[in-house]
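For reference, the chain that follows is the form predicted on its own, supplied as structure tokens.
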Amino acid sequence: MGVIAAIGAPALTSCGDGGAPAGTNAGQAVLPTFVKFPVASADLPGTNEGVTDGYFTYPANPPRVTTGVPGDGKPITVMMPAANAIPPATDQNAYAQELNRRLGSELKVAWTPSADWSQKLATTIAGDQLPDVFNLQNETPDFPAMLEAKALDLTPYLAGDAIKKYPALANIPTDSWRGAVFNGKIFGLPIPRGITTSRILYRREDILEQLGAATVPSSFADFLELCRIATDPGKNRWALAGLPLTFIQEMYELPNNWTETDGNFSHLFEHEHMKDALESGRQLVASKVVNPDAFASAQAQYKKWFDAGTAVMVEDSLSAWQGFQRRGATVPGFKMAAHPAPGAEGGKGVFWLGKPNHSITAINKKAADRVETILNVLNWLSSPFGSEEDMFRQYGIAGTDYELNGSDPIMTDQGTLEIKANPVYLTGSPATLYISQGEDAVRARHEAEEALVPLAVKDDSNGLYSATASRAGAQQLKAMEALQNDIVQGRKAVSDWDAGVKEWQAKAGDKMRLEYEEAFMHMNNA
């Protein structure tokens, strides 16, 4: 799993047939009006668009930003994945009980472990047993056709200025809403993640400083030398937890999956410098600066190696920052940093932006008579950072689920168990940078974001649909990942990449290209 877990893999947008060209998002007219909903002033405002506002502490005395009770007294049935252990049942969960009281409607949640989610969702759809509200992730097959058949069209309630009735939902950025629009209709509410889904290369700066090697590399050659200095098998230390192929591809300024020029789409795999990136990856593996167990290990193991100092650098999502900092707080002298990829031959590389959303939340057509109540509840759950509603949603009941240290909530054991019930996969407010480990941790990540965002490139297929990507893309992607693994580990030559690309084009790539181009043209003519 090593390289695959670290690879700059194309994001497969899943949708389906029906209506306008597959998953074509509407033009600007259908998108909700964006109205920023500030509650607390940031200690470190993002000076570049896309940089997360940073807060050194949770704002004191958070104000309530909604009025009344959003629910109607009747239960709302919900289906969503559980990324962690399934929380205690409501009758044994003080947080869930208080959440239902504040909402004025009980959330009757059917939890499913993330590993079983796709199969459970498919079975539920086939049996016509969808609840009032349900989460949909990108791999859902035949997205537009399924949404047309099962999900309520929310366009009349949310398009344009209509969304101003729900101020917290209007606070969700426009880029996120593009991922909830199909066939010219708003079929769901985005769960925004902003920059946090992007992958970066983390560094144990404390270890590099001890080695006298904290200088930021200015080319691939410098990076390789840094990795050699950081690696010491005798001390059970390797420079890299896994092969950071995204970081290497950024050095060569490769496209972030699909790129569009004058309506024409081309793919990362087809780029002239893709083989250069693979050769650089092969050199890192051959130089034995990657943990020798990397290719048989998963990202969770990579994290453990980085925490322990067994790996000095690891590629992971930006959202992992808080976890690394939290665990690092127990390590004497722990210091962490990240920086953009340098250009392979000098200068600057690029930074691949991740998807703006985790997933979307849809409302069942059968719940049409309660749509405004459900939207009121989802608006409450999307209340912005620094509000009383957000404080409760994230941390629960004071004195039970958390204790205050100044204005910062510190979770209790009961809260850690119960807050797994946090309805994080229903909706949410825009990403905010708040790390309970304090000011230095916030500053470090904010500085990294300020350096990364000016180099950002998007995946131009985001918000577009390809039936081929939905049905055959994942299988063909696995084949290309296997080829990449073979090449970087020396089992195949870099020159074998050309034949692999031709096979990928024949089996999926060329059809995906045409479908994205058609969807792009339709969107821009809408």
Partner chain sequence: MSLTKIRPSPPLETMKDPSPRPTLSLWERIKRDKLLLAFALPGIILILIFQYIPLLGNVIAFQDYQPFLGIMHSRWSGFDNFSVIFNGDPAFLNALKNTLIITALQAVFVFPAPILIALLLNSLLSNKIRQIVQSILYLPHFLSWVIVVAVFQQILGGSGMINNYLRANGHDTLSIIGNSELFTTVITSQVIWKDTGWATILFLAALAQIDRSLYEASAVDGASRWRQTWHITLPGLRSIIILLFILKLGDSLTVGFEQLVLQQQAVGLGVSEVLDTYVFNNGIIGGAWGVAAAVGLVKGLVSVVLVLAANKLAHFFGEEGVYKS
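Positions refer to the first chain, counted from 1. A quick note: this is a predicted structure, and the numbers were derived from the prediction, not measured.
The same protein has a further form, the form predicted together with the partner chain, not shown here; the description that follows concerns it.
Every member of the trio A145, D293 and K478 reaches the partner chain in the predicted bound form with some non-hydrogen atom inside 4.5 Å.
Site annotation in the predicted bound form: the residue of V35, V501, A482, V65 reaching within 4.5 Å of the partner chain with a heavy atom is A482. Between the partner chain and the residues Q129, N84, N236, N264, the one pair within 4.5 Å by heavy atoms in the predicted bound form involves N236.
By the criterion of a heavy atom within 4.5 Å, Q119 is counted among the residues contacting the partner chain in the predicted bound form. In the predicted bound form, none of the heavy atoms of D460 sits within 4.5 Å of a heavy atom of the partner chain.
The partner chain in the predicted bound form comes within 4.5 Å of a heavy atom belonging to D486. At a distance threshold of 4.5 angstroms between non-hydrogen atoms, V494 is out of contact with the partner chain in the predicted bound form. Of the candidate stretches 226-234, 384-392, 343-351, 84-92, only 226-234 has residues with heavy atoms within 4.5 Å of the partner chain in the predicted bound form.
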